[in-house]
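There is one chain below, alone, in structure tokens, taken in the form predicted on its own.
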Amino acid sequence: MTTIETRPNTTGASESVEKLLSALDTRQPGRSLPGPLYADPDLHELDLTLLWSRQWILVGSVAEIREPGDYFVVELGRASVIVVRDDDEQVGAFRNVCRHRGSRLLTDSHGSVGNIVCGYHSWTYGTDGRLLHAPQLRDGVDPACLGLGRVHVREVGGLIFVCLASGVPEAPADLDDVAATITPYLMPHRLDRAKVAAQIDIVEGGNWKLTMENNRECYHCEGGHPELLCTFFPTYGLTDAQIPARLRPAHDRFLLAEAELNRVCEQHSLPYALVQDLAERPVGFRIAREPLDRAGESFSRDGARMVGRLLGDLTEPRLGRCTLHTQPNGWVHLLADHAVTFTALPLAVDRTLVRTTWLVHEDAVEGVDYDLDTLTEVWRHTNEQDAAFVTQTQRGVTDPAYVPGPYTEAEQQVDDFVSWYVARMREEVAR
């Protein structure tokens, strides 16, 4: 199981905060971040402490824990979290720490259990976190007070978010508003009735913020993602007035595909309008249904569907892609025939885990309804290409010659992400 490297708290914490504030102060709007915010281990530790431990983090989907006892483990800084479906089929999240002497409980990244048993001294917990058995526990010690530490968890349209915040400050409350907005977009795809077709982890050699910045634009797609551009319009992020002459043919195709997609969505009562607040609110997000090129059905070479069984009860394959972005670490593409979830988790100041999960209808059969290599081809290549871009950028931002450069017209969402990061870090320092 992959773990995240972090640094212990030191007496120099106040110096690190001053260093953070100095770096934030020097960031110019419309430009990338100062180098230390990508490369300084002390500032990375503050990212983990002030942001990753207090924000809602996308960690996966209910398709990964379909049956009671199914679990997966997420590493967030020094914290390890068990996400599990209990015997009543409710999704819960707990600290992966035995209440006896602190041993890690589950060491596999995914699995299924009847109970959660500590391998050290056999303390045993239910999937609801209750302590069920502790050999030779002294009289007078109440087992009810020794349940696993709970972690905030929310299911939103089949996606699972966790937040490590406890006491004050609590988890950001605006997830409720975000959930109310995005759930109608997600529900037609019925992730609660999906299963995992494949899951692939890749480690990018860069700071987590570079991973997210790279994801928030397609400025690099035209020269960097030939497989993705079979169906992904290269004009993403540009307004009509910003389209260069060489991309006009692609933009004309986009406008026709968009008009047809909007018509189909209205016919099937599916929401499609863009809704976003990527910079101001704690749970920054963006959601929209957008067209795909060619057949317009899926991320294939010709845009045609790749899975015989459509998700949920969908009957129309030409639904483009419903795309959700969440700050600080997630993005999701939902198509008629499958869905792809992406979560980014910081492993070290210069390493980021990107976990990609392909979901299909629960009754879809590999080799009959879909070919796994074909289903995963585009995003396997795209992720490898992105990993190379992020690694090269990390090398550049640590170079003494690096000076934050200006974002282009196509990189507004990158600027929004960086502005969100700066605002959240300032808020947490001020608490």
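Just so you know, these numbers come straight off a predicted model, no measurement behind them. Counting begins at 1, following the sequence as shown.
Omitted from view is the form predicted in complex with a further copy of the same chain, to which the following refers.
For the candidate set Ala180, Ala241, Val141, Ala173, a heavy atom within 4.5 Å of a further copy of the same chain in the predicted complex is found for exactly one residue, namely Val141. Interface residue among Phe285, Phe72, Phe233, Tyr219 relative to a further copy of the same chain in the predicted complex, by the heavy atom within 4.5 Å criterion: Tyr219. Residues placing heavy atoms within 4.5 Å of a further copy of the same chain in the predicted complex fall in a single listed stretch, namely 102-110, out of 338-346, 300-308, 102-110, 325-333. When contacts are judged by a 4.5 Å heavy atom cut-off, Pro135 counts as touching a further copy of the same chain in the predicted complex. a further copy of the same chain is not drawn, but in the predicted complex it has no heavy atom within 4.5 Å of Arg253. Using a 4.5 Å cutoff between non-hydrogen atoms, Phe389 counts as a contact of a further copy of the same chain in the predicted complex.
Using a 4.5 angstroms threshold between heavy atoms, Arg263 stays clear of a further copy of the same chain in the predicted complex. Contacts of stretch 374-413 with a further copy of the same chain in the predicted complex, defined by any heavy atom lying within 4.5 Å, are made by Phe389, Gln392, Thr393, Arg395, Gly396, Val397, Thr398, Asp399, Pro400, Ala401, Tyr402, Val403, Pro404, Gly405, Pro406, Tyr407, Thr408, Glu409, Ala410, Glu411, Gln412, listed in sequence order.
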